[in-house]
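Single chain ahead, written as structure tokens, the form predicted alone.
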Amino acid sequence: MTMFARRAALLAGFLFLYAPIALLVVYSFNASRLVTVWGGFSTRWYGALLANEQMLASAATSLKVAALSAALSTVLALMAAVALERFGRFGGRTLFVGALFAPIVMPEIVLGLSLLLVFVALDLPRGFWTVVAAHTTFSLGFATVAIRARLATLDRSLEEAAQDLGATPLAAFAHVAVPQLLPAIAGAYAMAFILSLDDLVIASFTSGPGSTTLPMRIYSQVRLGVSPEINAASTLLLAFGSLALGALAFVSWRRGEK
């Protein structure tokens, strides 16, 4: 394959992936109510979005759920990564690994239905906290992969040196290993946060009255027809995720420079 053909294939792939997203962003500034007809540049739909109390309430719910579930999954992922990398072989390790990484390969609809059955069996009212628990379960495996990969490359001799100087194993891990793990921990948190913010299927099974997330709200309105207001909401969601990933990349780069 010639260089021109490779570049053309690469360009076609990028267009296939990102052209629809670019069109969504462009048409969020469309003055026309019809999403397929360009009526001039306008920011009216962003104003309408900010006046939509239901959409804003759903966005606030999504941010709260994402922040809490990402924090829980990151803490649990750190402990799981330490257990897998530092404790060697232990009874039930195979079962533990299987349960930990099953949500990564399991279809979301299966996970959502399974969690729904668990909440019903335990007679738990579905709402905000059941969505948090479901998203924590969903993102735990992804966060563990990110932290475990970095933990496996750490130099154990630095912690051993700290213990030789009088530190306990826990203190040596906290003061020597954790600072080196911070970029991976931040990456795991960002990944879990975005996975939660983006989820529709699992939240649909585990949410209840007053816990409608932003993807659920957008999906319910899209079923009645796509409006420029939906484009504006999707554009802001895209911008938020891009800024979060950009900030994480910048912080990691700065730490690498230091």
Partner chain sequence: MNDPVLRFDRVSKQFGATRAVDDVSLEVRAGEFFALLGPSGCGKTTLMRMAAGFETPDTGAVFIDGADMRATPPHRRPVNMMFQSYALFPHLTVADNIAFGLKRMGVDRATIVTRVAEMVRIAQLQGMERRKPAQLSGGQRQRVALARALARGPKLLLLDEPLGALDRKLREETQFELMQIQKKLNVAFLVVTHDQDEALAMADRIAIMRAGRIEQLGAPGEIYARPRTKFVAGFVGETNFFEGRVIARDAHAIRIETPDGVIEIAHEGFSGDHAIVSVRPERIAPGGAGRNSVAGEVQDVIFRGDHSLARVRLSSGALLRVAADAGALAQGARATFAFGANDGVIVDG
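Residue numbers count along the first chain shown, from 1. Only a predicted model underlies this, so the values are computations on that prediction, with no experimental measurement involved.
The protein also exists as the form predicted together with the partner chain; that form is not presented, and the subsequent description refers to it.
In the predicted complex, the partner chain sits within 4.5 Å of a heavy atom of Ala167. In the predicted complex, the partner chain stays beyond 4.5 Å of every heavy atom belonging to Val145. Looking at Ala162, you'd find a heavy atom of it within 4.5 angstroms of the partner chain in the predicted complex.
Under a 4.5 angstroms non-hydrogen atom cutoff, the partner chain in the predicted complex has Gln180 among its neighbouring residues.
Screening 102 to 110, 172 to 180, 75 to 83, 89 to 97 for residues having heavy atoms within 4.5 Å of the partner chain in the predicted complex returns a single hit, 172 to 180.
Only one of Ala186, Ala71, Leu158, Leu116 comes within 4.5 Å of the partner chain in the predicted complex through a heavy atom, and that residue is Leu158. Looking at 118 to 138, no residue comes within 4.5 Å of the partner chain in the predicted complex, counting any heavy atom.
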